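Here you get one chain, nothing else, as structure tokens; it is the form predicted alone.
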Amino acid sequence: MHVSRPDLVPDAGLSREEMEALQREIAAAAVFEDDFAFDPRAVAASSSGLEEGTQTTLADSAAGSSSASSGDPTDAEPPVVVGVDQSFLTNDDGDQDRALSAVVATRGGEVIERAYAVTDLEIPYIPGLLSFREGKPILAALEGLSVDPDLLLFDGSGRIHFRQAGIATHMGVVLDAPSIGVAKSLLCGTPTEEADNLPEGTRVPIESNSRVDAPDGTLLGYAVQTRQYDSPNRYINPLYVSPGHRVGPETAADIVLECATSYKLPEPVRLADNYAGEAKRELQD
């Protein structure tokens, strides 16, 4: 993929203050509304046929080890939707020393390409600065794809972030690609109502609070309940979905709901998660 903003590529050598200043610049450059050419309904149509064991994978590669239209969405050209997820490799002492980024490109109900990249970990995990730890292998893995993504779905936050610049926003702006953040926990912001034990298909707005560099009450994203148990004794937590770049919060929630076919995670992200685990096992065997 083409890097549109090389000046914003994450640099682990920056100080914390410099990293946070860069994130504010990224947030100012981000577009948190729909700005894309594909029909978002076709995204769901392209994911609905993705079931493990029935995928058609046209290409695998390892990339080095170091606005919506009207009409029937089935008539539209299926967009290329890429799921992005991370795993980590350990050294002989059991310490994490390398990040592995896996990307899975899907289109029209098929996996069309997969790639991964491994790079050294340069900084520890610091809440709010994930892209400076994991951005390098993500960019390397995406460079390993021969197809250009129409939409990127990240396992991580987008606008739901202290400085409105989570990993989905950072990577989306660097690549100038439509992107969505799909997080398993809430980094910051406040749900406008109770978000526990929600019915399947429900969404609850997440608004900014004093921990976010945005006016109080700014809509950052949604708690989205993609799946729920049919039992009063246990429940599934929601996903926290937010725009990364060039996608609005409502559309981001719509797409994630429609792409979560049989599992909690949207299929492209789930497939990337599985591929990251597969690649990790191969490398550590």
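Don't overthink the numbering: it's just position in the shown sequence, from 1. Predicted model, so just to flag it, every value in this text is computed and none were measured.
Another form, the form predicted together with the DNA, is not on view; read the next lines as being about it.
> Look at the candidate spot formed by Ala177, Tyr235 and Ser262 and say whether the DNA comes within 4.5 Å of a heavy atom in all three of them in the predicted complex.
The answer is no; none of Ala177, Tyr235 and Ser262 reaches the DNA.
> Of Leu145, Leu139, Val118, Leu129, which residue is found within 4.5 angstroms of the DNA in the predicted complex when only non-hydrogen atoms are counted?
Result of the distance check: Leu129.
> Quick one: of Ala183, Val80, Val111, Leu198, which gets a non-hydrogen atom within 4.5 angstroms of the DNA in the predicted complex?
Spelling it out, the residue with a heavy atom inside the cut-off is Ala183.
> Whether Ala99 contacts the DNA in the predicted complex should be assessed with a 4.5 Å heavy atom distance threshold; does it?
No, Ala99 stays farther than 4.5 Å from the DNA in the predicted complex.
> With the partner left out here, check for me: in the predicted complex, does some heavy atom of Ser208 sit within 4.5 Å of the DNA?
Ser208: no, not in contact with the DNA in the predicted complex.
> Is Val173 a contact residue for the DNA in the predicted complex, using a 4.5 Å heavy atom cut-off?
Contact check for Val173: no, nothing within 4.5 Å of the DNA in the predicted complex.
> Even though the partner isn't displayed, in the predicted complex is Arg133 close enough to the DNA, meaning a heavy atom within 4.5 Å?
Arg133: contacts the DNA in the predicted complex.
> Mind telling me which stretch in 190-198, 102-110, 88-96, 145-153 gets its heavy atoms within 4.5 Å of the DNA in the predicted complex?
Selected stretch: 88-96.
> What residues in 140-179 sit within 4.5 Å of the DNA in the predicted complex, counting heavy atoms only?
Residues within 4.5 Å: Asp155, Gly156, Ser157, His161, Gly166, Ile167.
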